[in-house]
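One chain comes next, on its own, written as structure tokens: the form predicted alone.
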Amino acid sequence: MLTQEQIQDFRENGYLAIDQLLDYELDIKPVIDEYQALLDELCEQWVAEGLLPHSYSDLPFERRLVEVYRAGCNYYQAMDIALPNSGVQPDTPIHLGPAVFAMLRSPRLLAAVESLIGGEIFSNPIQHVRIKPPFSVVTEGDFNNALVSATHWHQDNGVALPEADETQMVTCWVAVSEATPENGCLQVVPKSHRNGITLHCSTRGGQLGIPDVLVEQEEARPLPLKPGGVIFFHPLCKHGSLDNNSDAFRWSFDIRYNPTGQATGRSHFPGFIARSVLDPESELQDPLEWARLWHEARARLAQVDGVQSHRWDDKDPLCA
């Protein structure tokens, strides 16, 4: 559980960073191991499809990802824990492994979330993994890809539908590798959650972002974090990430929770009850059922061109 001082800090500033909140051996290492096994499977698949010359099985995880990326293989969608909002196909890849599911239900993480939103906790489906390569290897076409490059300034309510404006949502940004200013850690504008929703515009790469003139960048501060550390965000807190100017990958998850029964902001994606003090039997505990829910959503979304996922239409002059 969070202390009263930490809770007050979150309410006051709109965010709270806690180093090593998660247990490395129990929460983080199983996820790393799962992704290493996933990369083995993906490389074998891409070799069989002729997309990769060989599997690079002699290389460590990060160097292998560089070769995969240079070959044009879309590892970032294959490793993501959510579907895109448009262009979904019956076979669009998504990773729904038991170690990730266990992290979403980590008792250490949920205890902290309970301190902020209460004991009826729903795992919100607006979620991603970001395994970002050094910017030096990023191709021009991915300069605006939030799964690969910097994430533009935004508010989490700003990238969801207005149905969730009254939802008591909290974002948890989880560091798998160490996050530093050099490798593209998050930056935040303290107290910006007090000023309501801000205009967001679409970018060439499909991101939504707040125009720079509407961000108090002189007040921004970076948030370095050790592996297992977590940053909690109010949904109106302005934040983004820097480019990865290091020689290594920067790996994180951003996941969200809200009180059960409140709107998620993306009802076309499935969430689940992660914790219930009042009805523990309602909690989803089976990772295969979690995967089934997403596969069912994928089949449904593959029948449509796309779904509305935000409120903006880019007609404002600041979006020009």
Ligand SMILES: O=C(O)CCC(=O)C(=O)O
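Note that residue numbering begins at 1 and tracks the sequence as displayed. As the structure is a computational prediction, the values presented were derived from the model and not from experiment.
Unshown form predicted together with the named molecule; subsequent notes refer to it.
In the model of the complex, at least one heavy atom of residue 254 sits within 4.5 Å of the named molecule. Looking at residue 122, you'd find every heavy atom of it more than 4.5 angstroms from the named molecule in the model of the complex. Shown alone here, residue 241 lies within 4.5 Å of the named molecule in the model of the complex, counting heavy atoms only.
Though the partner is left out of this view, residue 193 does not reach within 4.5 Å of the named molecule in the model of the complex, counting heavy atoms only. Screening 171, 177, 198, 106 for any heavy atom within 4.5 Å of the named molecule in the model of the complex leaves a single hit, 171. Only one of 142, 80, 114, 156 lies close to the named molecule in the model of the complex, with a heavy atom inside 4.5 Å, and it is 156. Heavy atoms within 4.5 Å of the named molecule in the model of the complex map, among the stretches 85 to 93, 127 to 135, 216 to 224, 67 to 75, onto 127 to 135 alone. Every residue in the set 151, 186 and 250 has a non-hydrogen atom no more than 4.5 Å from the named molecule in the model of the complex.
For the stretch 208 to 236, the set of residues having any non-hydrogen atom within 4.5 angstroms of the named molecule in the model of the complex comprises only 233.
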